[in-house]
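Only one chain is shown below, in structure tokens, and it's the form predicted on its own.
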Amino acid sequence: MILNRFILLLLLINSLGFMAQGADSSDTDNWWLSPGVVGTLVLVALILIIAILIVIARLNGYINRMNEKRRLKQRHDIIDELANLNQGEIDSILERRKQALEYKLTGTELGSDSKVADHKGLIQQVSNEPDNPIVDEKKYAAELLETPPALKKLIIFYLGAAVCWLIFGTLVGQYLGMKFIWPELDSISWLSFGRLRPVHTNAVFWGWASLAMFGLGYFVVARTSNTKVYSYRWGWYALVLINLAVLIGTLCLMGGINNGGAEYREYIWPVMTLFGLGLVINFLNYYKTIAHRKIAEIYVSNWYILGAMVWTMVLVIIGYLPFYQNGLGETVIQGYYMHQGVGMWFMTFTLGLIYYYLPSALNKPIYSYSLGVLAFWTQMLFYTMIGTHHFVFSPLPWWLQTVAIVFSAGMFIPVVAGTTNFLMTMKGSFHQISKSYVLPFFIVGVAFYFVGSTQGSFQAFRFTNYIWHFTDFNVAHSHMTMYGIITFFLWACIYAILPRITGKEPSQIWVGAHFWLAFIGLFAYMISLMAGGTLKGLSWVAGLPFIESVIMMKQYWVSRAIGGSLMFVSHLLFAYNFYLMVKPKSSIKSQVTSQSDFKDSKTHVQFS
């Protein structure tokens, strides 16, 4: 039975791929009705709906807090009034209170044939769904995770370095966004677009995201293995090597020294060797830590983390060895390297973090271990062959392009499995949206994980490639994934764990400002480039002069700059929040709270 289902699944994947292969790329009259375009529009609408739901939840929480303040004020007013009563009035009130306490229900108030009435005001709320999370009650209790000081220091320094590279890398990106509007902004070779663009991408890739993943990963492997990190010294060595790689690589790129313009591997090989050494050291440290675990099982997070590191070591070697990179061979390797860098390094490692930090933040187990393993192995199977879909209609073999499209469609399996696992884990806890911004960060990350990954599969079809390839639409897609998925997930993990190991938490107002500026900025950035990229692609198909598409894009580049500005401001707020969470002085009041078990009640009637 399982074999039959697997065969049917493969047939479905192949049918999707060959449907994309057989699309008539020359007919753009009804381009908006193609499966890839329709699917993309639906996915974007889904993100908008999620944003609206989060706003509603936050407003509901705000209204509840205002009502609570009103009730407290009424209580204080009553206390003040009682203080001014004479002894006789107080005795009268106490007598009435005594009679009220002695009152007992007869059992027929709500169960007889009489008309329902609640003259005593006993019932506050009635529900036919006792398990509805809206009426769940939650108790908070201060809880700090016992963390060895050496591990805490290592994590903070990794995350601190990551935050610095995030600010620097996105500052460069912000400057580049301004250059689209004012191309005459400068005439300095070091600040030219061709040099700064790889500075931006590599700084946020290898500086921000990689260092943040490593820092968060150290806590996961130690915690899930119930043991100490194998060697803290190795961790510090790797931190120095990776920072040196990004620093020297940045200076080389700004000075015009690069690897020939291959995207995401612009660092020359001596620089990338430093990063590779740091990766190998951290891998050995993680592996040794897991090998010396105090429990029999290997938690699913460690599968993803070690798998990502093994694949990336292979990827860096293949991407930088020159022996087979001549002519079209270099194009094939570029597609492989570029897509594996995102999918097998950032995505796989970050998913491993989520399998720990999401259930930990919610104080409940992951919904399904089996779904996690299914998503892991199908990601290993399908993601390794999809890089060539960036070169559809190129001189590469037609069969290789088709294989990439088919395997891109196959990515629906790990994405749906992972998304289902995360959403089912969050089920029953969505009311926390009104109490903390940690869950909204997780929700947006999960939403973009589904939307961005699925949209990438749609974009792999030949017709959508025909319209969107080489346009600004690809920039929107890359930010939808690297920013909407990876960065939001990393923020969620940082906000979830740092207060629990440092005892300090920033104000939710600042965290909320960070969340909304980043989310709104990303949405504006993404929508403007998706719309502009589509119109640009259609103008090329129509044979219009290239300069017309450039002129047409100006208004969309303005929207891009506005969205990018909001995102950059959010990063400054995040840096401030990070400082508050790790500030050594004790002047910051600890506000750390963690979830305890939900109240297990089947009562349909809640009494006041």
Partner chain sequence: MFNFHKDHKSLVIFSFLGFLILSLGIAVFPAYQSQNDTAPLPQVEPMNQAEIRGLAIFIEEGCVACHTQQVRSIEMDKTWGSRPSIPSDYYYSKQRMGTWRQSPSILGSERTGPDLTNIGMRQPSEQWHLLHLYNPRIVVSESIMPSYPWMFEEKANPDEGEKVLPVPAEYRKKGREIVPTQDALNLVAYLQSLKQAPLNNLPPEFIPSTNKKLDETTASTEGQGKSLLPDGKNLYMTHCSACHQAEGIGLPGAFPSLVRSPIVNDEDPELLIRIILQGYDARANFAQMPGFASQLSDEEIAAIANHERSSWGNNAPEVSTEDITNIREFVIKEQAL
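These numbers come from a predicted model, not from an experiment. Positions refer to the first chain, counted from 1.
Omitted here: the form predicted together with its partner chain. The next part is about that form.
- Its partner chain is not shown here, but in the model of the complex it comes within 4.5 Å of a heavy atom of E330.
- For L315, a non-hydrogen atom is located within 4.5 Å of its partner chain in the model of the complex, even though that partner is not displayed.
- At the 4.5 Å threshold, heavy atoms of R500 stay clear of its partner chain in the model of the complex, well away from it.
- Its partner chain is not drawn, but in the model of the complex it has no heavy atom within 4.5 Å of A447.
- The partner is absent here; in the model of the complex, the one residue of H479, H514, K536, H389 having a heavy atom within 4.5 Å of its partner chain is K536.
- Though its partner chain is absent from this view, in the model of the complex it lies within 4.5 Å of a heavy atom of just one residue from P148, G160, G428, G194, which is G194.
- Contact with its partner chain in the model of the complex holds for all three of Q325, M380 and Y466, each having a heavy atom within 4.5 Å.
- Heavy atoms within 4.5 Å of its partner chain in the model of the complex are found in exactly one of 354-362, 150-158, 95-103, 398-406, that being 398-406.
- Of all the residues from 264-285, those having a non-hydrogen atom no more than 4.5 Å from its partner chain in the model of the complex are R265, I268, W269, P270, F283.
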